[in-house]
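The chain below stands alone and is given as structure tokens, in the form predicted alone.
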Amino acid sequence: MNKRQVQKQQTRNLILQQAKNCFISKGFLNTTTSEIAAECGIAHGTLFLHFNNKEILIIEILDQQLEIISLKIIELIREAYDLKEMLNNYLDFIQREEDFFHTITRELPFYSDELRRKIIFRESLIRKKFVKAIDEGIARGNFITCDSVMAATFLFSTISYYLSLKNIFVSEGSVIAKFKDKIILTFLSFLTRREDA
């Protein structure tokens, strides 16, 4: 790469990083491209040399972040010994990136179809790992016979519920830290509860 290409790539990376920070702070929907350009210290037109519009910028940031996040989560899940540890690792990671996830879950209904599809696709890769772990637990007799896809859906819906309504449940700090133990305990109790108990 020549000096001009390196400089162009550095500007592009700066835009992506500053846009992510702005989006976490104000939300994807409420952040303007002029605010992002100002944060980067570049002309508004320069931003459009790299990204034709805000939607393309949002899609690239989300796709980039979700790919990184899903790979990290899949790695954490792979290292887990059992479903409880897997869920614990997953919630720890969500907590570390909580502001990002909070923004996504809160605004998801308002995103374009393409943006929603990308987010749902990334989540489905992670969800499949949980479905597989539940199926393995059922096969070993550790869990009750149940619809593992539905069980994972309940789990992910619960997590999304707390993330999207974070401001209602906590005035400061982490909503995941507040409810993590209850989420794990409740989810595992559903999977292990016997009808004759």
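Numbering starts at 1 and runs along the sequence shown. Small disclaimer: the values here were computed from a predicted structure and weren't measured. For clarity, a rigid core is taken as the largest C-alpha set superposing within 1.5 Å between two forms.
If you look for the form predicted together with the DNA, you will not find it shown, but the lines that follow are about it.
Novice: Is residue 156 one of the residues lying within 4.5 Å of the DNA in the predicted bound form, judged by heavy atom distances?
Specialist: Heavy-atom contact with the DNA at 4.5 Å: absent for residue 156.
Novice: Does residue 48 make contact with the DNA in the predicted bound form, using a 4.5 Å heavy atom cut-off?
Specialist: Contact with the DNA, yes.
Novice: Would you classify residue 21 as touching the DNA in the predicted bound form, given a 4.5 Å non-hydrogen atom cut-off?
Specialist: Flag for residue 21 set to no.
Novice: Although the partner isn't part of this model, could you tell me whether residue 54 comes within 4.5 Å of the DNA in the predicted bound form, counting any heavy atom of the residue?
Specialist: Contact check for residue 54: yes, within 4.5 Å of the DNA in the predicted bound form.
Novice: 95, 124 and 128 - do all three of these have some heavy atom no more than 4.5 Å from the DNA in the predicted bound form?
Specialist: Result no, not one residue of the spot touches the DNA.
Novice: Answer with one of 144, 42, 66, 165: the residue that has a non-hydrogen atom within 4.5 Å of the DNA in the predicted bound form.
Specialist: It is 42.
Novice: Among 66-74, 129-137, 29-37, 157-165, mark the stretch whose residues have heavy atoms within 4.5 Å of the DNA in the predicted bound form.
Specialist: Selected stretch: 29-37.
Novice: Going by heavy atoms, what in 1-36 lies within 4.5 angstroms of the DNA in the predicted bound form?
Specialist: 2, 3, 4, 7, 8, 11, 31, 32, 33, 34 sit within 4.5 Å of the partner.
Novice: Would you tell me if residue 9 moves between the shown form and the other one by 2 Å or more at its C-alpha, with the rigid core held superposed?
Specialist: Moves: yes, 2 Å or greater.
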